[in-house]
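Two forms, one protein chain; structure tokens for each follow separately as structure 1 and structure 2.
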Structure 1
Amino acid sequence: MPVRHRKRRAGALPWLFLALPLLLLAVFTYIPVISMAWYSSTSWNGVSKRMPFVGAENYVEIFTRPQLFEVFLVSLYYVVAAFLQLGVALYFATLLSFRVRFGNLFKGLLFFPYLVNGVAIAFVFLYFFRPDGTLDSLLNFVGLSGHQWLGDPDTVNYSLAGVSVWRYTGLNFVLFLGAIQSIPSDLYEASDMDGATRWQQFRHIILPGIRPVVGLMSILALAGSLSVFEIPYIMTGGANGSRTFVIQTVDMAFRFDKVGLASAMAFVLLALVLLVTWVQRRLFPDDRSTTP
């Protein structure tokens, strides 16, 4: 076979392997996004065959109706909870990266909540927070009174954000632990010979070594905080001031039959997530992007 033909076949081989993944990506990601962009410029109700074109009217409605944007205040509870969750996960990952008695048991216990289905977690914590439930019984045992944890607008978002921390700390813990264990052991041995403390090892070896993972987890945590849905929807349905932007979007589409407006809201959420990601990347660039 001529050399030219062999080079041509070698150049086409990667595209042959990429063809099916790219096709699936286009069918299940990009085409639905393009369709949603079209829906956002219509007043479609989700059922009718007619899709009246309204241009940017849905976007104008989103930015001129304060009640549509006020729900983002609820996301602040989850943003704070997300950073608390990252801090707790990093603490335990650092602690268990060293030799600790029953270390594997603690690793399993920390990761276990992430393996439980979100619906099951929601039902478990419904019984935990209900009046005279598990939490109230524990408080009564130590002489404190119970509370309407999910019925009081002042405490409902704290309770739901706490459930989110309980569920996702294990995932962050495993990713941090894997990153920490990928750091060469020579660095720890050299620092031990120099008399470095655990805190100095964490500050000068571990934290710089896992910086890309910390940045990635921060982006995912912020994006997840803006798009919280599962736990508050199942536990309260968005009642008592716990409605998030995604719950409001779902209600707009399937409860009020405003699929066009809901599609525009989904696009606004996507834009916010991309904006947060861009800001985070600008503030905390990877080492590779800063290396000349």
Structure 2
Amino acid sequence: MPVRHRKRRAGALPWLFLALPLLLLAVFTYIPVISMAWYSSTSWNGVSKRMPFVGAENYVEIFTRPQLFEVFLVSLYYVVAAFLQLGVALYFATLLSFRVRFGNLFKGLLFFPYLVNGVAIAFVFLYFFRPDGTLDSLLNFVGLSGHQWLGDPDTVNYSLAGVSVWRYTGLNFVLFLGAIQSIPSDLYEASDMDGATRWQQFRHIILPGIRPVVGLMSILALAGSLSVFEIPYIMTGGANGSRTFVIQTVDMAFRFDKVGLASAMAFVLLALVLLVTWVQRRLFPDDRSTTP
């Protein structure tokens, strides 16, 4: 009897624990995704009661209006920067996984930028790149002249992508380091006995050992470069051709009141990120993340 009683109660009980989490999940994730799909087929301005249906017009506009489409080209700078950043992080993670004097100090120095507030970073680098600022003064030391780093459309995206490398290398570095340190150390010892070089150890022990993390980091970096917003928005406001997809979307929605078009843009971005994620899961199947 008591066993049965308990069993029946368990039927409704989990839902008591899940009620609030599921409500929040629905209200702040699923309702927005569904309503966004609906807005994207209208020319709604976000305020009016009328939401005129326009079908696929917004999507056609995104892919045919050059000003809307060229923001994807800006993403390319960040994609290249993301892979540069992964390489740099992997190099230092490998280096510091061996015994290095002041290892913890270097670890902290490399990682700390990741913890710094984004707005603070934006100001730090506005100061860094300003005429006669930090970078120009450094160049003067070595006899080179300054440059309009953020004012010149030819260099603005390199400068901004550089900031993103400065900001995120530390995170990648720490995650790589954690993964490398979980590789059993007798593997290194055995390869040392066999006279393996550093590069051979990296190529045949470290890289295969951290493959899932490299895969995960590449996907996060790629998805991240598609959704860049904070730093360019604060530093240039999207001027001089530094407008990214999210800046464009936010401006469409909240400055030009084109919620319909902005929703379609957001949907395109969502589809791209999901596509990248899907490709990554195919390339780097990782049993830890597929069975939560």
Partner chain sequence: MTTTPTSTRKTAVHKTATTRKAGPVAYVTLVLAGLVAVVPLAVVLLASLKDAAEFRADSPFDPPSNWLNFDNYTTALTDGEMGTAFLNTTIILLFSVTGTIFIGSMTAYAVDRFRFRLRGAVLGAFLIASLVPAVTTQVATFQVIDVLGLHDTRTAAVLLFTGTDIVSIYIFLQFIRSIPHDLDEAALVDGASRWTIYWKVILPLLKPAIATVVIVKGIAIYNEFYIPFLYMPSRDLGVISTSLFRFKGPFSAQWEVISAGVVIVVLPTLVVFLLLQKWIYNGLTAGATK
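Definition used throughout: the rigid core is the maximal C-alpha set that superposes within 1.5 Å between two forms. Being a predicted model, the structure only gives us computed values, none of them experimental. Structure 1 provides the reference sequence; residues are numbered from 1 along it.
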Please let me know, 1 or 2, which structure is the form predicted on its own?
1
C-alpha of residue 120 off by 2 Å or more between structures 1 and 2 on rigid core
no
Taking the rigid core as the reference frame, is the Cα of residue 194 displaced by 2 Å or more between structures 1 and 2?
yes
Comparing between structures 1 and 2 on the rigid core, is the C-alpha shift at residue 34 2 Å or larger?
no
For residue 17, CA displacement between structures 1 and 2 after the core is overlaid, in Å
5.4
